[in-house]
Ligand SMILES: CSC[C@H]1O[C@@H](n2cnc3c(O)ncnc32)[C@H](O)[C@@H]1O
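Just one chain follows, in the form predicted on its own, and it is written as structure tokens.
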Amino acid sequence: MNALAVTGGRVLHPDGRVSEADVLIDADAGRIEAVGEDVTAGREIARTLDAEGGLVMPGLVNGHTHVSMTLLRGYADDKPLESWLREDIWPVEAELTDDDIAAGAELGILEMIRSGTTTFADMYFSMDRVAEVVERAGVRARLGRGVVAVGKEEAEARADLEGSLEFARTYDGAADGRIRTAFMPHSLTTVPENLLTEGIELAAEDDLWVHLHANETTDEVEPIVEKHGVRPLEYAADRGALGPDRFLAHGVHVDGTETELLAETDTSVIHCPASNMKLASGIAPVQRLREAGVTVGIGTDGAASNNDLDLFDELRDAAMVGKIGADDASAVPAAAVVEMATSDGADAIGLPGGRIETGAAADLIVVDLEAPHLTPAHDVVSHLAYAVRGSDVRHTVCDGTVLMRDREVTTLDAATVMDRAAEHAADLVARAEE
């Protein structure tokens, strides 16, 4: 066994306990071999990561993002979703090249590795280029090409649908299994009924997952109610868009009937609190969803509407806005948001990880707790939700491979990635504003 040991720290266990323990990893298999005291005794250890003064916890799971939108960070702010998309984002996205998307993906994945995210779900364009970066960077992802039919002729929209399905079929299982895919229609209002139904049926024939935006704003609810006479998730269910291998982004404007429908169909929801606040989309009923038995993960959404990919920020946002939404200070507690960003997030998007236990995928991070803003440490889980920053992450491991050691990313050259992304971003905006 090619053994990697994470030693000298405390471990966050799946039941929420924190104890002093080491973690032994089979790096070749990408699996946790043992967790506990003295697990390295008598073993030949190839490499060691020092966790002294730190907490070993599962790598974070960013359940919904558009990673290449890092190139548009700060490009358009302080506008509601519909005008933000139509007036700013979609016009500049029309100028994106494959190389732009690769440069943005490198930047976003670098940011996620440095802030403790090992796994993410991504919907965008030129996803073959994103997949190449995922493979090279060593992270885990569920990827899909987004289908947007707004403003397109039938033939062009159909080509988008076929392209999304073809990408999903071709790349599922790539990067030694670290890449899984999904058919990803953008939303219930940006893909017409016939294409949505057809795409989901074809995806089901190949056992592909499905991911889309749903109920993000009232503008995504009212048109469906007016046209079809049912709530959006009832409309989605009738077209096969709900089920255990489906997950929805946002789920802000979800009523009681839709909550029950999500629970009955075992459909997961990815909560994106920062994006929802920034675009004034509303407050998702996370406490109600969880109480109903719905699996809820956490996502950053794209960097253009956040404006960073630090999932620890999202934990704090989710806990705090969840209390406002429920009018209850005990709602969405610290332990819940940690679960949402780890085990529940992994379950929601159907990927391994999210747990530090024997046999689990070796996706983990070490959070350095020796900092003024983390002292004293009365409750480490509370700190993870309310005080830890992405910059507190010391080491990042995915699939048994060390992606960052002592804040130094090993799979991407940070300076080169940032320089290339800045150059592509500047050129992109210049083209869009000609």
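Note that residue numbering follows the sequence shown and begins at 1. Predicted, not measured: the structure shown is a model, and the values here were computed from it.
There is another form of the same protein, the form predicted together with this ligand; it is not shown, and what comes next is about it.
*Asks:* From the list H213, R129, R114, R180, which entry has a heavy atom within 4.5 Å of this ligand in the predicted complex?
*Replies:* Among H213, R129, R114, R180, a heavy atom within 4.5 Å of this ligand in the predicted complex occurs only for H213.
*Asks:* Of D317, D100, E93, D344, which one comes within 4.5 Å of this ligand in the predicted complex, counting heavy atoms only?
*Replies:* For this set of options, the contacting one is E93.
*Asks:* Using heavy atoms only and a 4.5 Å cut-off, decide whether all three of V139, H271 and F312 touch this ligand in the predicted complex.
*Replies:* Contact check failed for every one of V139, H271 and F312.
*Asks:* Please tell me whether any heavy atom belonging to Y124 falls inside 4.5 Å of a heavy atom of this ligand, as the geometry stands in the predicted complex.
*Replies:* Yes, Y124 is a contact residue.
*Asks:* Quick one: is D301 in contact with this ligand in the predicted complex, heavy atoms, 4.5 Å cut-off?
*Replies:* Close contact exists here: in the predicted complex, D301 approaches this ligand to within 4.5 Å, heavy atoms only.
*Asks:* State yes or no: in the predicted complex, is some non-hydrogen atom of Y75 no more than 4.5 angstroms from a non-hydrogen atom of this ligand?
*Replies:* The answer is no: Y75 has no heavy atom within 4.5 Å of this ligand.
*Asks:* Given that the partner is absent here, does R290 sit within 4.5 Å of this ligand in the predicted complex, heavy atoms only?
*Replies:* No, R290 sits far enough from this ligand in the predicted complex that none of its heavy atoms falls within 4.5 Å.
*Asks:* Work out which of the listed stretches, 331-339, 237-245, 83-91, 255-263, brings a heavy atom within 4.5 angstroms of this ligand in the predicted complex.
*Replies:* Stretch with heavy atoms near the partner: 83-91.
*Asks:* Enumerate the residues of 228-249 that have a non-hydrogen atom within 4.5 Å of this ligand in the predicted complex, in sequence order, or give none.
*Replies:* Heavy-atom contacts within 4.5 Å come from no residue here.
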